[in-house]
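Below you'll find only one chain, the form predicted on its own, shown as structure tokens.
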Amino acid sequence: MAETTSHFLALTGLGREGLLDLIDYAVRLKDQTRAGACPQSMTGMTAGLIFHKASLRTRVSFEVGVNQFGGQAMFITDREIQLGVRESIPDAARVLSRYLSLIVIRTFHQADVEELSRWSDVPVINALTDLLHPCQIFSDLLTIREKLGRVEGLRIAYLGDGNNVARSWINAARLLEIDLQIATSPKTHPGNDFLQAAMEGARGGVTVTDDPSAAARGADVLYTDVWASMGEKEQIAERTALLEPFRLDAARIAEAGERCLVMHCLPAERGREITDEAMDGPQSVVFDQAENRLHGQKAIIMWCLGKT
């Protein structure tokens, strides 16, 4: 790949060829790491990890990834800098750019991440907002590539809440030739305005349906996420009533077929959006997904730093 230095705010920022090339690079980088030959591309660099939401996979995978590259990771919570409250986002971005080589941010509002990137002189990585979760879907595409040998010409069935993960899958369908089936309640739709804007000129296709059987039938991948994300847990009873028909269970797997992959971005509320039988069954690649958060995000880091 050609070298570049850029922000990673959404999958669409990569373009189709850039996305495919970066997946190829992630495969090679994973092989290098497992062989004990991870490039020391961040020696002398410090990455700032600004986290306004709790995290297991995102924080640990980014910290480990930076360390494997020979750099240092600094974990920064909202109590330390109160981004946009104690001082403005532009001022904080300009200060942080004097100290850090890379900023990773996991927060609520996409607009805050975009403003941070506008004022930052160093790359900014969107590690999750309420709107999008691009690091998750990039790493999931890496997993699908490993398991199925390709990331295009596939039917992806997403079952459940039309949240940031679902919207990032829509962005993937904009770039790639995939048939994305989103099965959800009309009240948990990912958003018509977002969908229409994302799919203008798209290579793939997106169908939003309230029929989970129709979405699952013949799918190469069955994917789900929690029904109430962080900050929405008070809505769990309402969401359960709406989304119970979209549970990923043995019946859904049978509709897809014995070759389908079962995926969940974690953390899972077992027995709610996914059953133990599905999550621990032979078609599950859930923990391969979790591992690939490390390798996928390391590729994203190198892309942002222009070192691919």
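From 1 onward, residues are counted along the sequence shown. Note that the coordinates shown come from a computational prediction; the quantities given were computed from them, not determined experimentally.
In what follows, reference is made to the form predicted together with a small molecule, a form of this protein that is not presented.
All of Gln136, Cys265 and Arg293 with a heavy atom within 4.5 Å of the small molecule in the predicted bound form: Verified in the predicted bound form; spot residues all in contact, yes.
In the predicted bound form, segment of 276-284, 245-253, 48-56, 35-43 with a heavy atom within 4.5 Å of the small molecule: Only one stretch passes the 4.5 Å heavy-atom test: 48-56.
Contact flag, Arg174 vs the small molecule in the predicted bound form, heavy atom cut 4.5 Å: Although the small molecule is absent here, Arg174 would stay clear of it in the predicted bound form, with no heavy atoms inside 4.5 Å.
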